[in-house]
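The chain below stands alone and is given as structure tokens, in the form predicted alone.
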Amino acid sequence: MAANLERKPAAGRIWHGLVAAVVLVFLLLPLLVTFLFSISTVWQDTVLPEGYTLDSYVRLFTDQRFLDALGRSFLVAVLTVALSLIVMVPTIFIVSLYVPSLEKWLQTVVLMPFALPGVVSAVGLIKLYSNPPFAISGTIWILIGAYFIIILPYVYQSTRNSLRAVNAAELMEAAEVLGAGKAAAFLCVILPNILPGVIVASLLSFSIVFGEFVLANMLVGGSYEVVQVYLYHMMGVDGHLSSATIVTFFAFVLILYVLVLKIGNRKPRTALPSEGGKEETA
């Protein structure tokens, strides 16, 4: 009986391992083939390439058009995430702590992007912002505005969970009892405590903005070419170069997701009072 009970968890682990292996192969095989093609010299009638070279990557990183597009993508992502954090983090804090009756409305607003397909949003934004006085269609500003809306759910959820985890109400009350104003208490007490959640929201939002294509192609296209649009254009020109772009693009996004997982799995540092009245960090 005991032996049967031990065999069941072992069989379950084997089954889970097989399923995980199949999923990983299914997801990573196209990327592996793309990588092999990007470093191949000739690959036509054989299972593996007949020769290997890094010429595609050398040409990619010496292509000024690619470097400019990559820089524009970073600029758009950084400005969007910074603007979102500056606006949303204080707003979420104020609503959750001082005006909780508005929280359900805020949740409804930030979840709206999930109900709007990218194509529909792009068509509406182009019609709305193509004429004066807000003729910003085709510029970086319409892209930042659209991405600001898209990343709202991720910034909201991560920040809201962090505020609940640290018990922001008690922290604010303690800081105010010690003489701090509301702004100082938020900046010096609340913000450092929710910083891991804010960093996770930033990295997740950055990777989403960095990988988004539909809005970038429809709203700005070639007038402000970001790396996603550059990749789309290269696909019809040079297969090796576009494969190298895909692999490089995936590497950037993978690094961001690894950072998100690493920071998200960090255990919060909790201050515990000791017997002598001093605080210890656990």
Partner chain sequence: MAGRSPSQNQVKLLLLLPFFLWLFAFLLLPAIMMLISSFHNEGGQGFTLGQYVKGLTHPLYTTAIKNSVMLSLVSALVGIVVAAFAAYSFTTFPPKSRDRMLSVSNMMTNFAGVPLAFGFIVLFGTNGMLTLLFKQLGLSFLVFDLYSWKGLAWVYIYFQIPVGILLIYPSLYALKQEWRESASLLGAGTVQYWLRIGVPVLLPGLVGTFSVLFANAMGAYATAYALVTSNFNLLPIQIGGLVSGDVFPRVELGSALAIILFLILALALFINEKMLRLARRGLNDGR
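Predicted model only: the values in this text are computed from it and were never measured. Numbering follows the first chain given and starts at 1.
The same protein also exists as the form predicted together with the partner chain; that form is not shown, yet it is the one meant from here on.
Interface residue among 94, 165, 177, 187, judged by heavy atoms within 4.5 Å of the partner chain in the predicted complex: 94.
The partner is absent here, but in the predicted complex a heavy atom of 149, alone among 171, 149, 198, 78, sits within 4.5 Å of the partner chain. Contact with the partner chain, judged by heavy atoms within 4.5 Å in the predicted complex, is confined among 188-196, 157-165, 67-75, 114-122 to 114-122. Not one of 85, 248 and 259 places a heavy atom within 4.5 Å of the partner chain in the predicted complex. Contact check for residue 46: a heavy atom falls within 4.5 Å of the partner chain in the predicted complex. At least one heavy atom of residue 243 is located within 4.5 Å of the partner chain in the predicted complex. At the 4.5 Å threshold, heavy atoms of residue 61 stay clear of the partner chain in the predicted complex, well away from it.
In the predicted complex, the partner chain lies farther than 4.5 Å from every heavy atom of residue 202.
Annotation for 192-220: interface residues with the partner chain in the predicted complex are 207, 213, 214, 217, 218 [heavy atom within 4.5 Å].
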